[in-house]
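Below sits a lone chain in structure tokens, taken as the form predicted alone.
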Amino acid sequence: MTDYKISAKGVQVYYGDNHAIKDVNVDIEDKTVTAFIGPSGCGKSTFLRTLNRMNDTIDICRVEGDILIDGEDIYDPAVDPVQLRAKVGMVFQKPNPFPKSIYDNVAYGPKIHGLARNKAELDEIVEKSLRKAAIWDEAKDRLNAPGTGLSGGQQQRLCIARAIATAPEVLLMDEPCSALDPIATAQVEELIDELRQSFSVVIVTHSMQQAARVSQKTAFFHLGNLVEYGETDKIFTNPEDSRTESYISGRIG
């Protein structure tokens, strides 16, 4: 039996009276890229945000069911959401570097979580994170320049460096390429493939081609339901549910 990195059972999400996620059960493996696909408004981003309690920031949002990471209930009242988000990094749709230097963008998380005892250790974490995010070569001579001065694709890789600087175990990505041009998208996709050696990566994407290229497992969401989940190749070539088939072949979207 596989030890799953993330196990979700009977997850429901409500925004006020709107039942946005309906009874989702899914087990996500470590060192794997799992893609969430489905039409706009189908719940894939909402479900992604339950995995690091980002929905906690929305007053009218209520989450029910169990979500375990490494067997621990992340909604247990004893769990500190700030510590949880250090363990479960997140990269958003639009690159959103802090209005600080490239160095400070990456150093921020390790600093607040006390991961470095001194400047030398912090320097090392910053360099390692920028290298892992494949942006060290472009950034190393301008670490004190503002992160906002980078190109869109570089900014997104900086945000990935920032997310992995706290040594998370899970990396969530909410449509990380939708604001990027094709070349930057290809660079980030290549990076995602490398990152799965170190992390469990969960990516929401509206691009089926992207899901097919980067993921090993794919989950198809439709109207708040998890319709089908399995090996990416199988979902794309031989889905079991007619709704999945209709979406993949472009009849619903």
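Note that residue numbering begins at 1 and tracks the sequence as displayed. Everything numeric in this text was worked out from a predicted model, so none of it was measured.
The same protein also has a form predicted in complex with a small molecule, omitted here; what follows describes it.
Enquirer: Please name which of the stretches 188-196, 65-73, 33-41, 212-220 has residues with heavy atoms lying within 4.5 Å of the small molecule in the predicted bound form.
Expert: Partner-contacting stretch among the options: 33-41.
Enquirer: S101 versus the small molecule, in the predicted bound form: is there a non-hydrogen atom within 4.5 Å?
Expert: Flag for S101 set to no.
Enquirer: Is E175 a contact residue for the small molecule in the predicted bound form, using a 4.5 Å heavy atom cut-off?
Expert: Yes, E175 lies within 4.5 Å of the small molecule in the predicted bound form.
Enquirer: Does the small molecule get within 4.5 angstroms of any non-hydrogen atom of A20 in the predicted bound form?
Expert: Taking the distances in the predicted bound form, the answer for A20 is yes, it comes within 4.5 Å of the small molecule.
Enquirer: Might R53 be said to contact the small molecule in the predicted bound form, defining contact as any heavy atom within 4.5 Å?
Expert: R53 lies outside the contact set for the small molecule.
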